[in-house]
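Below you will find one chain, with nothing else, as structure tokens; this is the form predicted alone, and questions on how it binds or moves follow later.
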Amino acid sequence: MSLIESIEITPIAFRDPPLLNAYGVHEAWALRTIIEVKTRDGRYGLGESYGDEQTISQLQAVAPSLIGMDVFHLNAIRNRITAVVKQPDPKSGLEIAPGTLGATTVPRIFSAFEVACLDLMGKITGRPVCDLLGGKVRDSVDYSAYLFYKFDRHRFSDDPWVDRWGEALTPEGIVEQARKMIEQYGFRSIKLKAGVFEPEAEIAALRALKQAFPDHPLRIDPNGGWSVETTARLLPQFDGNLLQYLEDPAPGKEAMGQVSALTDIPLATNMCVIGNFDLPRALELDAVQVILSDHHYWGGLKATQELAYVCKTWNIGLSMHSNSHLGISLMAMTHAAAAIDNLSYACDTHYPWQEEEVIVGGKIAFENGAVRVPDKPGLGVELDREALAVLAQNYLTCGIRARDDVAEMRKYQPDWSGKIPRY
């Protein structure tokens, strides 16, 4: 048997640009946690998760209880985690990602260890993780250019780091940002994070993108920043097949169901359907036609596959959501996506916004907007321990312990509330 001998939990921080959204603005440092599951023979598997204090404390609480367990026995590992983790109020919000609730606690913690165990299984068997998920159905996985309105710099940070992307607060700035991102990474579809400015201004940016990149499918994500009434008023402006899909225009399943009844544009979500517990009501309301999975809070790579089967049964589109992340997470997404035949759209990724890395060889390359599925055992990446030490030191000194876009925005705008819908 391949028994777990030790587990390392390492909080890290890396630089994050001042990206704007309906809730506020990203702080100068993004937080993550690197998980290493080790066996007696020196092999290790890698996972990556959120870096807020609550997640770190839960990962640390679970780790000792997994020592001595077989890495192949994921059902037993899940049961052990369920027994150990203190379950918050299912309706309580967590400062890790918009839309993530206490109900996702066990899936969130299990996912971090599941990915590490799958990486380790792959190294033990000499097979890539996608083979452990049934085998790849595609050789590479498409990702989209993820555009943000943003400030030129973090104006309230002492860190001398310079954000290479510059300001983007106008349609012209958004088009220039897209041009840089597409030229560098080759993305073939575009997503705009919205809910920041008056909706008409953001639609003007969409039209400018369509003119500049007529062959690139477009999406817009107001993060629940529009009311049902505002969305209804805006729908006629999305004419001429301007959008591939409209993501979370209004907050909650009930509101999304009302919008869905008014349009043939597919509605996507990573906010109102975040676990199996959300599916019955969402299906009853026909609230969403595309689900953006996130293995970090859906419960791992196998849970993402299970969601894919549900989507196939109910003829729902499927893609993947992203948060600020590094290469371990990107490769986990890539292996899962490679093994899902009904992946309907290019996946989201924040990866171009992040400059630092914890894997050997540095940043993962994109080819024509896609990441090639590696044939190496496991996830196909190894840990750069010198880089990890640097980012771990960043965590100790950055002063941030939980993501708080609202508090950061109040430095720029003291009366900021961060409440949605905004318009």
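In this text, residue numbers run from 1 along the sequence as written. What you see is a predicted model, and the numbers here were worked out from it, not measured in a lab.
Quick note: we don't show the form predicted together with another copy of the chain, though the next part is all about it.
Asker: Another copy of the chain isn't shown here, but in the model of the complex which of Lys123, Lys302, His325, Lys253 has a heavy atom within 4.5 Å of it?
Answerer: Of the listed residues, the single hit is Lys302.
Asker: Only one of Ala201, Ala208, Leu283, Ile265 has a non-hydrogen atom within 4.5 angstroms of another copy of the chain in the model of the complex; which is it?
Answerer: The residue in contact is Leu283.
Asker: Picking from 213-221, 174-182, 312-320, 343-351, which part of the chain touches another copy of the chain in the model of the complex when contact means heavy atoms within 4.5 Å?
Answerer: Selected range: 312-320.
Asker: Whether Gly134 contacts another copy of the chain in the model of the complex should be assessed with a 4.5 Å heavy atom distance threshold; does it?
Answerer: Output for Gly134 is yes: heavy atoms within 4.5 Å of another copy of the chain.
Asker: Is Phe72 near another copy of the chain? Define near as a heavy atom within 4.5 Å, in the model of the complex.
Answerer: Taking the distances in the model of the complex, the answer for Phe72 is yes, it comes within 4.5 Å of another copy of the chain.
Asker: Against another copy of the chain in the model of the complex, would Leu279 count as a contact residue? Criterion: heavy atoms within 4.5 Å.
Answerer: Yes, Leu279 sits close enough to another copy of the chain in the model of the complex that at least one of its heavy atoms falls within 4.5 Å.
Asker: Can you tell me whether Leu192 touches another copy of the chain? I mean in the model of the complex, with a 4.5 angstroms heavy atom cut-off.
Answerer: Flag for Leu192 set to no.
Asker: Is it true that Tyr149, Asn241 and Arg422, all three, sit within 4.5 Å of another copy of the chain in the model of the complex, judged by heavy atoms?
Answerer: None of them does, since no heavy atom lies within 4.5 Å of the partner.
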